[in-house]
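Below, in structure tokens: the form predicted on its own, a single chain.
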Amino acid sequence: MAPKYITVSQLTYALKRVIEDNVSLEGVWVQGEISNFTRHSSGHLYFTLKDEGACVKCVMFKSQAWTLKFRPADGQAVDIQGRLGIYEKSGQYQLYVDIMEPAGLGQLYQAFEKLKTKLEQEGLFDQARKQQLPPLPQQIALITSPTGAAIQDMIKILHRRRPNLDILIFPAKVQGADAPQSLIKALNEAARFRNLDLVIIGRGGGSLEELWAFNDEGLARAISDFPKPIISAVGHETDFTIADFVADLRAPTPSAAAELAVPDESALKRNLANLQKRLANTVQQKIQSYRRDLQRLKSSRVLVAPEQGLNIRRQELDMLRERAVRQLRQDLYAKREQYYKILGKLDALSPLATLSRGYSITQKADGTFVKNSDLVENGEMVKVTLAMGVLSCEVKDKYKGSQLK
């Protein structure tokens, strides 16, 4: 007797009915750790819930997701209530989530936060430690997987923005237990290139486990000690790793890192052309301004008829000279009148004027002026000064009082 066959759809539907009709699986609460979390543009949430022994696919539709009071992320431990079902197109059973609440941080997330706090306290994230990116790098190193899409995107963007850029590729593992040492080794090799200007280290997106190599403490310290600037480009825009915090610059994606690493050469040329044009216009305007100023000077009275200005100055000089002469004469006349007045006073007080009226001055031999007859003796020789001449006389006699007749 030939076996009775059923279709795959019938088999899947039968399993679907077994699972979904199981009353014990309706409204079941499950605890686990989120992995491979994706927020779809539709608003639906897709992720894997796992523990140490198993995992289950989960979906939370937009109608339930908008009620969440936290932002789910890889590594978070959560409590979920939902119903189990089968997605017939893929043949996978999955948990349709109605309620999701944080159950505490998962082990990876706890390790991440612990290391982040430790390195932050040591100052490895300080802005003062970060190096500025060179404005026009000539040589850039890419440290990533040589087979991933990220390296092709970065090379394409770098060559488009800077065709003559020298790109050095240092292959490294970006996932797995030995990935951190592989990345550190690539950094050490890159450090030997003295002309290296910049390093981009990273990979494309993935789950928390896939990106975990970039949360390694040894790699973080190697990035911090690297002598040249480093851009960290790990995962997607919403992914953050320890490498992002310790690097000199964090790029949301590898493609964005390439954009940030080098300026667009064509844009630089356009800017340079604009600056040259502005400079030429400015110089031309200055020249025209100087020409107008020169023309005004050439047509000015000073240059057209310089003798006219000189004649005016000569006339002013003549007027000043005449004024000075008049003032000098007035001063001389005033001084002369003052001199005559003083001279008249001196004449009135001069003994010569007294002598000219017939008086004389009598002096003894020692020069003493004789003001009293008691000062001389009979027979004593005296000198008598007249208005005109001097007499040497002998005292014959002397009298008291005035004997003038």
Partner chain sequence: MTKPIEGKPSERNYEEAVARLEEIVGQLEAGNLALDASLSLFEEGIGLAKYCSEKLDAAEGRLQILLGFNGDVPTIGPFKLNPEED
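Just so you know, these numbers come straight off a predicted model, no measurement behind them. Numbering follows the first chain given and starts at 1.
This next part talks about the form predicted in complex with its partner chain, which is not shown.
J.: So in the predicted complex, does P163 come within 4.5 Å of its partner chain, heavy atom to heavy atom?
T.: Yes, P163 is a contact residue.
J.: Taking its partner chain as it sits in the predicted complex, is W212 near enough to touch it, meaning that at least one heavy atom pair lies within 4.5 angstroms?
T.: Contact with its partner chain, no.
J.: In the predicted complex, does Q327 come within 4.5 Å of its partner chain, counting heavy atoms only?
T.: Flag for Q327 set to no.
J.: Residue-level contact is defined here as any heavy atom of the residue lying within 4.5 Å of its partner chain in the predicted complex; does F240 satisfy this criterion?
T.: Heavy-atom contact with its partner chain at 4.5 Å: absent for F240.
J.: In terms of non-hydrogen atoms within 4.5 angstroms, which of the given stretches 253 to 261, 225 to 233, 284 to 292, 120 to 128 touches its partner chain in the predicted complex?
T.: Looking at the partner contacts, the answer comes out as 284 to 292.
J.: Consider the chain as shown here, without its partner, and state which of K89, R278, R313, K298 has a heavy atom within 4.5 Å of its partner chain in the predicted complex.
T.: Here the answer is residue option R278.
J.: Go through I169, A103, A111, A73 and name the one with a heavy atom inside 4.5 Å of its partner chain in the predicted complex.
T.: It is I169.
J.: Check for me whether its partner chain, as it appears in the predicted complex, comes within 4.5 angstroms of all of Q138, K156 and F193 - heavy atoms only.
T.: Spot residues vs its partner chain: full contact, yes.
J.: Under the 4.5 Å heavy atom criterion, name the residues of 255 to 277 that approach its partner chain in the predicted complex, in sequence order.
T.: Those in contact are E265, L268, K269, N271, L272, L275, Q276.
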